[in-house]
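Just one chain follows, in the form predicted alone, and it is written as structure tokens.
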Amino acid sequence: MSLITYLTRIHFAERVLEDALPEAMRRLSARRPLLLADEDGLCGEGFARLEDALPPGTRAQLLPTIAAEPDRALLQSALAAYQDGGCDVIVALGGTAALTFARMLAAMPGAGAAGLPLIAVPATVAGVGLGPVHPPVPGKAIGAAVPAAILCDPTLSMAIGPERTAAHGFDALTHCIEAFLSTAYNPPADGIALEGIRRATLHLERAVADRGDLEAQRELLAVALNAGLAAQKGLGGVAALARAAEAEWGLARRHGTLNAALMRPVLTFNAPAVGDRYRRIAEAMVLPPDADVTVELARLGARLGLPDRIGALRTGTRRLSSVARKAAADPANQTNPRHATPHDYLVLLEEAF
């Protein structure tokens, strides 16, 4: 059985795309999809499979450009394309860029009170179309719709290279950790986050080392799903800093690359405010009782080939203060276990640099 119903309808199985996409469109009485994909969605055979899976008689329209950092003008242009083409559903295939763009498009002013129906098809483990969206659009806030259906097919992510898989997988692990540490009270989300941490510990390195290991790809996609579900509780300082840095330095298409470098200083900063939660994370990671979680996560990042210092990316130090200010204003900072000021974030960035 592939169907999960929690926040929305989620189909999860190998090669479920071919069965679940027609079913989802029938449920929505949709015949005119607006198709959009980012570079992750266009990698491998995923987009061709999606087109082949559309029900007979479907008249699809393709949105050619997806921005990693969407602005209001691009979203308004996409909404006009949807309306002018007589479309009745958005079908988004890809990673963070495509799914974030689609969720914001579905919630655009002018899309109607209920928003536009959206079917999300994650092609990486960078996100599954749930949880907070980023980056925010300047000016009046635009919300993010919850997809009407999410089709989680682990065979779609097998074409993504090891570097992006490492960054995206570590990002999913980060979201599980930060959701568990979040100040919000949500016991079900805590359990989901801990299970995501456990699965990531067992399968992340395997998935990076062997792109053909279908079991590892499936389990890593499950980590991403857990991360998206648990993120309803909120995230924390690593997400806030990473989003701000990616936006400042033009790294949005390398989402997750900075997390390993940021994890240790942020978790060390948060330690006085988390009680026994690091011990519980250590248990989920199957670590010895006296293990230092921050050290073990740094070692995991190194084994995955992720940079352990931001300076390794040659971003320069001139805009650290700007990144720190943006991180302090990020919604994820509101649920960080310990209140962090712009100065705190600047110190953490300097430690990570």
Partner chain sequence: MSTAIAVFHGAFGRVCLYSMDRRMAPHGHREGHLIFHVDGPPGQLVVDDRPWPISAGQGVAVSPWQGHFYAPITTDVPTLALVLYIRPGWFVEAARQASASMRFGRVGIEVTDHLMRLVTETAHVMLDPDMDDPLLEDRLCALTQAAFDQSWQWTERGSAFTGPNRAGRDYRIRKAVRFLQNSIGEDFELNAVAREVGLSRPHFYKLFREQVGLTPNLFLNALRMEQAIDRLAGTQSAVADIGYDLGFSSQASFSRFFISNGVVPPSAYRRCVQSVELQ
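For clarity, every value in this text was computed on a predicted model and none was experimentally measured. Numbering follows the first chain given and starts at 1.
A second form of this protein, the form predicted together with the partner chain, is not displayed here; the remarks below concern that form.
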| query | Do heavy atoms from each of 15, 18 and 45 fall within 4.5 Å of the partner chain in the predicted bound form? | reply | yes
| Given that the partner chain is left out here, which of 32, 299, 27, 309 has a heavy atom within 4.5 Å of it in the predicted bound form? | 27
| Here the chain is shown alone; which of 277, 203, 164, 218 has a heavy atom within 4.5 Å of the partner chain in the predicted bound form? | 218
| request: Mark residue 51 yes when one of its heavy atoms lies within 4.5 Å of a heavy atom of the partner chain in the predicted bound form, and no otherwise. | output: yes
| Is residue 209 one of the residues lying within 4.5 Å of the partner chain in the predicted bound form, judged by heavy atom distances? | no
| query | Just to confirm, residue 146 within 4.5 Å of the partner chain in the predicted bound form by heavy atoms? | reply | no
| said: Taking the partner chain as it sits in the predicted bound form, is residue 64 near enough to touch it, meaning that at least one heavy atom pair lies within 4.5 angstroms? | reply: no
| remark: For the partner chain in the predicted bound form, the stretch among 238-246, 117-125, 210-218, 81-89 with residues bearing a heavy atom within 4.5 Å is 210-218
| request: Give, in sequence order, every residue of 229-247 that has a heavy atom within 4.5 Å of the partner chain in the predicted bound form, or say none if there are no such residues. | output: none
